[in-house]
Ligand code: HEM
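Consider the single chain below, provided in structure tokens and representing the form predicted on its own.
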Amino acid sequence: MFPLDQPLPTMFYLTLYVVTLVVHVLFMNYVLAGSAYVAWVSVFRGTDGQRPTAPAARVLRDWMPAALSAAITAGVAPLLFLQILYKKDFYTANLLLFHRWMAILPVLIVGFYLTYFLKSKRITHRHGLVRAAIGVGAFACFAFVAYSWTENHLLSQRSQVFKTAFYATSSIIYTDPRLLPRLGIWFFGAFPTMVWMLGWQLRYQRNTGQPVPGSEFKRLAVTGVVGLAMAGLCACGYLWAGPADEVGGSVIFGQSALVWTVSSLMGGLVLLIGLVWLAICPDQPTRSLALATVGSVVAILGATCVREVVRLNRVDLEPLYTQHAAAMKVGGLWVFLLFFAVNGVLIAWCFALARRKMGPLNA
């Protein structure tokens, strides 16, 4: 079973990569789906400047800069492990997409500042069209980053012959019939995660005395169910659009990935039950949110492992085994863990200071 089917050093880095990637995906889903939700509300509910902002959109707007910071910070570790594990193929894809790939950083900077504009009081009191333009702009930045990573991932798994032919075309845009369906899986699949994370925030606000109607929880639950259904349809489209050499069910349901495939499907089922329960009983969200949380984490972990099994069947890691072993002998793990703990304490302290300054109703 993955990753036990690999040598110890490679297994070590694969495990760290998967675990840290899951943490990054949780925050990334909050940002991607949350920015889409805010953009939708800004365009269709806030253009007249008179209607009050929905509690969910208000919380997302206030927390988006912090969530984006968490997503970017949590993405550093899996990016480093990715470079150790798949050095040649990952770097080759980066170079082939060089100009657009390098655009990710300035686009993220623009998106980061737009999230601050969205929560500023000057923008809040301006005409709804201004808020809508900023909301759509922030979402467009994060959608571009998601598209670029999906494009890079698919290109990195193509054969060396294909990469050479792609280089000869001098193109910096990789087209693939699987690209949009795969991007759809990530995009629509982000909504259920955003729903339960945002649901916990709204529950906290309700418990501290701020009015949060049950209809808001119900609306979120319906959003999560629709997102889960659309992600499933995109997954079917992804399998249907795959070329003849694409890895199919023989790998996904093979010995290495079977446990993780079943775990992902079962987690998705538990997530669906939790979201439906939240829609039926929106005034008592605790248990349904807990069920959705567990199901979502299990589903994401299983899907991430299956994703790597598919990649390992398309990319030959054996020539890199010696490099993985050499990297594992390099010291620094305890230093990393020490600073990880110190920074975790400092971040928690910052949140505690902000909460004490703002008061429980606005924290």
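Keep in mind the model is a prediction, meaning the values are calculated, not measured. Numbering starts at 1 and follows the sequence shown.
Quick note: we don't show the form predicted together with the ligand, though the next part is all about it.
Stretch 67-75 is the contacting one of 196-204, 67-75, 163-171, 287-295, since its residues have non-hydrogen atoms within 4.5 Å of the ligand in the predicted complex. The single contact residue among Ala140, Ala146, Leu239, Ala229, judged by any heavy atom lying within 4.5 Å of the ligand in the predicted complex, is Ala146. Only one of Thr150, Thr92, Ser264, Thr223 comes within 4.5 Å of the ligand in the predicted complex through a heavy atom, and that residue is Thr150. Proximity of Val22 to the ligand in the predicted complex falls outside the 4.5 Å heavy atom cutoff. None of the heavy atoms of Val130 is located within 4.5 Å of the ligand in the predicted complex. Taking the partner from elsewhere, Leu79 is found to have a heavy atom lying within 4.5 Å of the ligand in the predicted complex.
Proximity of Arg307 to the ligand in the predicted complex falls within the 4.5 Å heavy atom cutoff. Residues are counted as partner-facing when one of their heavy atoms sits within 4.5 Å of the ligand in the predicted complex; in 173-204 these are Arg182, Trp186, in sequence order.
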